[in-house]
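Take a look at this single chain, the form predicted alone, given in structure tokens.
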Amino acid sequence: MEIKILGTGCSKCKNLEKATLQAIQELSIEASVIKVEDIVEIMQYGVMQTPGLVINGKVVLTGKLPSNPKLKELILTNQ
């Protein structure tokens, strides 16, 4: 599984990265978590509001930091 955190370095983006790492650890899922800070690459996903969460190439969340249960749900449903 490949998970990308899209964001230019704001606090929400950093918090989403931490929360994602925690969620995959709690779920005991093997995943590669990549932080994407390049604005051109972020725009290629059509994301205009950060942070963005991309799971296996699919944008599943933009512009907010989800709760831990919601984040786990997004990860599990997009494996």
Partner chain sequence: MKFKKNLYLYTFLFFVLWIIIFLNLKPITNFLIFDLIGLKAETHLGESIWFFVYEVPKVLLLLVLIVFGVGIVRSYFSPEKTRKTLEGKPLFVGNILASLLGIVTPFCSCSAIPLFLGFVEAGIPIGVTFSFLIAAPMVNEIALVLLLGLFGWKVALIYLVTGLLIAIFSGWIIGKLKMEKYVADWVYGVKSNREIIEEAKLPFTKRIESGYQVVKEIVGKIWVYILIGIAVGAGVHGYVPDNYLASLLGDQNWYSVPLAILIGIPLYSNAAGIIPIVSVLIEKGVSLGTALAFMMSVIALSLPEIIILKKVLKWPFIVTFVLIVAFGIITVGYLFNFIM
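Residue numbers count along the first chain shown, from 1. Bear in mind the structure is a predicted one, so any value in this text is a computation, not a measurement.
The same protein also exists as the form predicted in complex with the partner chain; that form is not shown, yet it is the one meant from here on.
Not displayed here, the partner chain is kept clear of Lys14 by more than 4.5 Å at the level of heavy atoms in the predicted complex. The partner chain is not shown here, and in the predicted complex it never comes within 4.5 Å of any heavy atom of Leu21. Using a 4.5 Å cutoff between non-hydrogen atoms, Thr8 counts as a contact of the partner chain in the predicted complex. Residue contact with the partner chain in the predicted complex: Ile29 places no heavy atom within 4.5 Å of it. Taking a 4.5 Å heavy atom cutoff to the partner chain in the predicted complex, the contacting residues in 40-54 are Val40, Met43, Gln44, Tyr45, Gly46, Val47, Met48, Gln49, Thr50.
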